[in-house]
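Let's start with one chain on its own, the form predicted alone, as C-alpha cells.
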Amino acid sequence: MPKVKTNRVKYPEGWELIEPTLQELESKMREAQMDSHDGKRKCETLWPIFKIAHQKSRYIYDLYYRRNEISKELYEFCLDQGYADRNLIAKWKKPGYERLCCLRCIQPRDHNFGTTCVCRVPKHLREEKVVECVHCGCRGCASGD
C-alpha cells in the first residue's frame, strides 16, 4: 500500500517571529493585485507589486545579513518558499548594488541603447532631477545617492 503524502510544510524554528510581518506584506500584495487599473498607464499597474516584493526581500535580507536575527535554516526556507527573491538578494551582496530596486533595472536587453535603467544613474549626474523608472517606479537606486 502506498504512503499517503501530505502537503504540510514544517516551519523552522523562529518562523513565528517573522510570520506576522510576512502575512501583512502578503495581504498588501493581494490588495495591490486586486487594485483597479483605471486611469493608470500600463507600466504603472505593476509598480505597487514590485515595491511590495522588494519590501519582502529586503525584510528577510536585513534579518539575516544585517541584524543576524534569523537562522540560516529559516533564511533558506524563506527563499525556497518564495517569500524573498534569491537573485535580488544575491545582487544586494555585491558592491554597487546595495540599493538595487529590481533586477529589470540592470538588464541591458530591457532598455534603449543596451544600457541600464535611468534610476541607476546617481542623482548628481542626472540632467533631470526627478526621474521615475518605467519598469518599477523607482526614483533612484544608485549606490552613490
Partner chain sequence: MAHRLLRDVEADGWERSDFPIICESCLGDNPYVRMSKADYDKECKICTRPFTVFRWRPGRDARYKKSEICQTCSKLKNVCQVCLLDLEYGLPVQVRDTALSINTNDAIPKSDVNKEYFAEEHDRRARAGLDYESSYGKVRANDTILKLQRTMPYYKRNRAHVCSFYIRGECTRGAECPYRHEMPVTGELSQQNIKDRYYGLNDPVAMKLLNKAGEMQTIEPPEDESIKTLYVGGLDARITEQDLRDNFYAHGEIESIRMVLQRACAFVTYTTREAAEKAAGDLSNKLVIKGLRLKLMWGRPQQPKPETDGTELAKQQAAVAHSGMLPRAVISQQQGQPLPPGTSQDQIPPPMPYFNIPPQPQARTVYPSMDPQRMGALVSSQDGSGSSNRPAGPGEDKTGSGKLPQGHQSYATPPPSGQYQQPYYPPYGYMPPPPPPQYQHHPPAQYPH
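Positions refer to the first chain, counted from 1. Predicted model only: the values in this text are computed from it and were never measured.
The form predicted together with the partner chain exists for this protein as well; it is not shown, and the discussion that follows is about that form.
Novice: Quick one: 9, 21 and 28 and the partner chain in the predicted bound form, is every residue within 4.5 Å by at least one heavy atom?
Specialist: Negative, none of the three is within 4.5 Å.
Novice: So which stretch, 28-36, 111-119, 53-61, 72-80, is the one near the partner chain in the predicted bound form (non-hydrogen atoms, 4.5 Å)?
Specialist: The contacting stretch is 111-119.
Novice: Does any heavy atom of residue 127 come within 4.5 Å of a heavy atom of the partner chain in the predicted bound form?
Specialist: So residue 127 counts as contacting the partner chain.
Novice: Consider residue 41 of the chain shown here, and say whether it contacts the partner chain in the predicted bound form, taking contact as heavy atoms within 4.5 Å.
Specialist: Answer yes; at least one heavy atom of residue 41 falls within 4.5 Å of the partner chain in the predicted bound form.
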